[in-house]
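Take a look at this one chain, the form predicted on its own, written out in structure tokens.
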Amino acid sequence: MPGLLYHTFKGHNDQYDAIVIGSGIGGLSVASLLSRQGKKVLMLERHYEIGGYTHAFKRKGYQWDVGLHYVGQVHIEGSTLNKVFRYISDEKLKWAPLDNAYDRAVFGDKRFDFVTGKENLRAELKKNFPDAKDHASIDAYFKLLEEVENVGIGYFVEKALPPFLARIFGPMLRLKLLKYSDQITLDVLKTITDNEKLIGVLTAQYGDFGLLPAESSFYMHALVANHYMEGGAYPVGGAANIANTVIPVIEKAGGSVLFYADVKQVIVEGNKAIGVEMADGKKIYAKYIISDAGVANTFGRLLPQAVRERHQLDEKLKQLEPSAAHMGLYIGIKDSPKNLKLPACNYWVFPDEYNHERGRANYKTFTDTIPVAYISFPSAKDPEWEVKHPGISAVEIIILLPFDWFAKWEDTAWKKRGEEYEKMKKDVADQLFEILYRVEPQLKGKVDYYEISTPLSTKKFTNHPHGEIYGVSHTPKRFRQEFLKPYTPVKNLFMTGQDVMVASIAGGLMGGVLCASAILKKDVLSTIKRVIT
């Protein structure tokens, strides 16, 4: 296991330039970037695994990811994401492209492939919707995506500017993006087509950020659509290889990465962050304190009450909504991905219902028809899987559902939540198995092991108050919140991760780039592009 156990750590309090709270992709990226600029970084992770939503876990010889299932653009040589990942991992992290059809949306018994390449996808959509009117709508849709593709540059650059410059130039830099982020996805699509099935297919990937088309910002929808236009890729060796390749970069610069290291609060003196107090009372000091714990934790839990009141942080948090909660089914099968003919792609499986809002509205209890299930096959995506895990396969299924459904068990302990809770999990698992067998029927009768997680598991290990997986919900209002940036009202306290940017592994990664740029007062991305050719 990479990193050091906190309770055996013998470091000195004055040893570090920066402390990073949390080891998700936002924390890993900023820690590596600072390390490569000569800073000594201490990373503190409360979980027993490093990596946040990029970590993997093992049971009975099987291994599953918890949050990274595919990333766009990283496999394209010379792309920004490709260069950033190469830089933070010192060229050690490699990526394997998924199948040409990287996503498959299944509505009832009808399948729609999301294929690699803009023109290929356009042609595939037109093949599935042969009416001339739909062809015109599809062309209009791709034109919209092209319009939105680069409007976010100024918006995100502004986040890394010193506050006094952001106040001057911010309104102008944010203007282009806000034109699109202020619009609702469904409203925009209804301006180009009245075909409910076409809209349903075009928005089938809404689970990638967890918000229905009738609620989400069109900018977020377009960002995801453009992100995967050239397909998706998966880390060679599995998602945990991100942490495995980044940690040595941190340690090479004299830094340390600790697990079972629970931060109680940030120490603030005279409105300046100077260190952290651990759950056991130990205090560790550094010049910069960086939170990868999300804005809800950073402003709502990690700062002393007096600091929160002084800067009206609780009022700021009221402007935000948490993203979706989820349940995950993790399945182990005693046969190889090759023998089982598992695809290196993802499924988005719907009932015979193209109206996502109607499908979600009909989902009122655990036993109702699940409106969408996401299925991933990490054992088929990783070219090293069969070398490390011969003769077995792993499958993951994820669904979105309200955190409120779990309120009755919220005060119970992990693995001790009672018979009703365990029955609920089994009932949901049974439904998910039936969905799996719809798309990969050869797996029926071959399951060797499974377990299912709930939002309460997510809350326990991440401390996110609503078990949310995508941080702040991606409504139009989210993009209007100017405090979602690396700078905080407390001097030398910074934020990183997806709340600084947007949901996704790529968003969290670039949140780290913005955070490092703010701390170092330099354009870190330009440095990366100069070093990585």
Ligand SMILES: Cc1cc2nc3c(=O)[nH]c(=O)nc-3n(C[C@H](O)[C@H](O)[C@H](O)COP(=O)(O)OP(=O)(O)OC[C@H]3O[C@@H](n4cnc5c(N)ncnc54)[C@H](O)[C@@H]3O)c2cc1C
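The first residue of the shown sequence is 1; numbering continues from there. Everything quoted here is computed from the prediction, not taken from an experiment.
Unshown form predicted together with this ligand; subsequent notes refer to it.
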Exercise. Every residue in G232, F377 and D430 with a non-hydrogen atom within 4.5 Å of this ligand in the predicted complex?
Worked result: no
Problem set entry | Among 108-116, 358-366, 126-134, 260-268, the region lying within 4.5 Å of this ligand in the predicted complex by heavy atom distance | 260-268
Exercise. Does at least one non-hydrogen atom of Y53 fall within 4.5 angstroms of this ligand in the predicted complex?
Worked result: yes
Exercise. Would C515 sit within 4.5 Å of this ligand in the predicted complex, counting heavy atoms only?
Worked result: no
Exercise. Could you tell me if Y470 has a non-hydrogen atom within 4.5 Å of this ligand in the predicted complex?
Worked result: yes
For this session: Indicate whether L34 is a 4.5 Å heavy atom neighbour of this ligand in the predicted complex.
Result: no
Exercise. Given that this ligand is left out here, which of I284, I398, A225, V188 has a heavy atom within 4.5 Å of it in the predicted complex?
Worked result: I398
Exercise. Among the candidate residues F218, F461, F406, F350, which is the single one with a non-hydrogen atom no more than 4.5 Å from this ligand in the predicted complex?
Worked result: F461
Exercise. Hey, which residues along 317-347 are within 4.5 angstroms of this ligand in the predicted complex, non-hydrogen atoms only?
Worked result: H326
